[in-house]
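Okay, here we've got a single chain as structure tokens, the form predicted alone, with questions on binding and movement later.
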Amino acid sequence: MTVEALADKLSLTTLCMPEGDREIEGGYCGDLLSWVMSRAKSGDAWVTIMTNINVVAVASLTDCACVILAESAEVEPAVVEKAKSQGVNLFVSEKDSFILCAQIGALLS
């Protein structure tokens, strides 16, 4: 499933989508950036509530297909700009992490 298709099916709000045709191969949920950095895999849809600029760095390092910010987490414009410049697909959802992960899991299985 592509990032764009996932965003559509989950009714995600797009903050930036420079690579909408990127394939999602799995998922990861976590908020401790060092933990995510050592465990998320290339192609994952990463669900988090963290919104600082380091999220973009971790997403880029791990080569996540996208980052989904749960619970309507507010993002500063500098984070969105950094995501754009790094080619990181970034979305926000009003849903909590549990619901998002369950829905992603169902769509990918």
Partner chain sequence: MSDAVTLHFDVDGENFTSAGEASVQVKKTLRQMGFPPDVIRRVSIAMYEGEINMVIHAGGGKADVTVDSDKIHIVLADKGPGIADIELAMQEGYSTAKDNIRSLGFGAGMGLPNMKRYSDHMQVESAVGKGTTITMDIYLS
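Numbering follows the first chain given and starts at 1. Predicted, not measured: the structure shown is a model, and the values here were computed from it.
The same protein also exists as the form predicted together with the partner chain; that form is not shown, yet it is the one meant from here on.
Contact with the partner chain in the model of the complex holds for none of M1, L12 and L15, as no heavy atom of theirs lies within 4.5 Å. In the model of the complex, no heavy atom of K84 sits within 4.5 Å of the partner chain. At the 4.5 Å threshold, heavy atoms of V58 reach the partner chain in the model of the complex. S72 falls outside the set of residues with a heavy atom inside 4.5 Å of the partner chain in the model of the complex. Taking the partner from elsewhere, V80 is found to have every heavy atom lying beyond 4.5 Å of the partner chain in the model of the complex.
Heavy atoms closer than or equal to 4.5 Å to the partner chain in the model of the complex belong, across 48-72, to the residues M50, N52, I53, N54, A57, V58, S60, L61, D63, ordered by sequence position.
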